[in-house]
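Just one chain follows, in the form predicted alone, and it is written as structure tokens.
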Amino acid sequence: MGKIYFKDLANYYNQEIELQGFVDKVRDLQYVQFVILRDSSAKVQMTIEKNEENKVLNEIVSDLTKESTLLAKGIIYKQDKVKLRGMEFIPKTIEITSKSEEELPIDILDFNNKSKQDLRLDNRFLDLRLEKNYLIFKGQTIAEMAMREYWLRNDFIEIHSPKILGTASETGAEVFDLEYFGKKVYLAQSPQFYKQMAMGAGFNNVFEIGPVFRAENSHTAYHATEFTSVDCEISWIKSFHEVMDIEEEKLIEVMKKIKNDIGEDYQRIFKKEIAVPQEKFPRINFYDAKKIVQDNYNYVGKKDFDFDRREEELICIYAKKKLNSEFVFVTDYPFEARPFYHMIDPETKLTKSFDLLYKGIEITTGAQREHRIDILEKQALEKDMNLESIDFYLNFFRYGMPPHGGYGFGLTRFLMRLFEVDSIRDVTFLYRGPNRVMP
């Protein structure tokens, strides 16, 4: 028999089984001992009466420390009087497989104490033992699976682009450089150039889920120096609205799948329901969105050509209140705020681009790309780009390039808002920031 997960114990009533788990709590009373055992799936109560027959077991339990691991053989019984899941495990043998030191470096349950965040990150292996943290990463797994299922069903293929580049992949974003056999190279800020190379290769539709690196000396709750980016690129489009259509369809499927798979646990732990979008996401032009924020909330943003954090929050409040949507696309950004490869509308002089905002934060940037080499070169020069340094990239466009577009989706920002936690640190397995490269 393989490992029995605690969530499945009701399938084994009145059977002798073997359990392995962490010690969550120990109550050593005068006539009886209770040990709450925990694995990643659930908890169960183990009960040992104090008597001569159980003397060896009683001595083992008396010596137990919280967070130790043990292996126990015994019988699981349905027991309605037991508050924890209406069942209890009566052991015949107990083996301590590893004994925890008595004093833990953090109080695992003290997760609301903001002053202890650095200490918790130092001991992330203990912090992650919380049930809510396990659920976050289960949600991440389901989200990635749902995205892959959507893309595969819609004729996408997965690529793995290089993370060591000969030139920086984005304008405006800080970049990590490193020595590489006597010359300078860069860590990828996004797979953008290589997604577009796949379009030139005739791959039609591609996606990638992988790490990207931004050398931003930022200590906000929304930034990290290494994070997981979810990217896709599609060929033969006529409008950047087609890119938004795909992201919207995909995200609704993701939300449905997450709710279906972990909705009950989410509600029990976070005391709220996962809200699956019921309507299309609103799409608001950049300057219209600016005006909405000014007119409704009397707030003027700090950036003329982009949204600041407060504007993102306010337009999301408006979308939720007036348009019944937690998601909102802001479209048609000025070229000043966008990279050189975003296509410009010749009439409006604005880019055919969008950001997707969710509960007050940008989670996606996307656009139709400029696929015509002459215009692309002109726009690169307008951004003071050195054409020689990106000649390898421009080469992708010299021998036939389909009209195409795509987006980059911030997985951790999405999870942060889905689980309504304070920082992307809480939804990152091991966070990396300007002052944190350990453990």
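Worth saying up front: this structure is predicted, and the values here are computed from it rather than measured. One-based numbering along the sequence shown.
Only in words, not in the display: the form predicted together with the RNA, which the text now covers.
Practice task
Give a yes or no on whether every one of 265, 271 and 324 sits within 4.5 angstroms of the RNA in the predicted bound form by heavy atom.
Solution key: Not a single residue of the candidate spot has a heavy atom within 4.5 Å of the RNA in the predicted bound form.
Exercise for the section: Please pick, from 146, 328, 224, 188, the one residue with any non-hydrogen atom lying within 4.5 angstroms of the RNA in the predicted bound form. Expected result: Flagged contact: 224.
Handout entry: in the predicted bound form, the residue from 349, 309, 78, 92 that sits within 4.5 Å of the RNA by heavy atoms
Key = Checking each option against the RNA in the predicted bound form, the one that comes within 4.5 Å is 309.
Exercise for the section: Given that the partner is absent here, state which listed stretch (271-279, 255-263, 159-167, 111-119) has heavy atoms within 4.5 Å of the RNA in the predicted bound form. Expected result: The contacting stretch is 111-119.
Practice task
Answer for residue 84 alone: is it within 4.5 Å of the RNA in the predicted bound form, judged on heavy atom distances?
Solution key: Flag for residue 84 set to yes.
Practice task
Determine whether any heavy atom of residue 47 comes within 4.5 Å of a heavy atom of the RNA in the predicted bound form, and answer yes or no.
Solution key: Yes, residue 47 sits close enough to the RNA in the predicted bound form that at least one of its heavy atoms falls within 4.5 Å.
Practice task
Find out whether any non-hydrogen atom of residue 211 is located within 4.5 angstroms of the RNA in the predicted bound form, and reply yes or no.
Solution key: The answer is no: residue 211 has no heavy atom within 4.5 Å of the RNA.
Exercise for the section: Spell out, yes or no, whether the shortest heavy atom distance between residue 427 and the RNA in the predicted bound form is within 4.5 Å. Expected result: Result no; residue 427 lies far from the RNA in the predicted bound form.
Exercise for the section: Scan 389-425 and write down, in order along the chain, each residue with a heavy atom lying within 4.5 Å of the RNA in the predicted bound form. Expected result: Heavy-atom contacts to the RNA in the predicted bound form: 408, 410, 412, 413, 424, 425.
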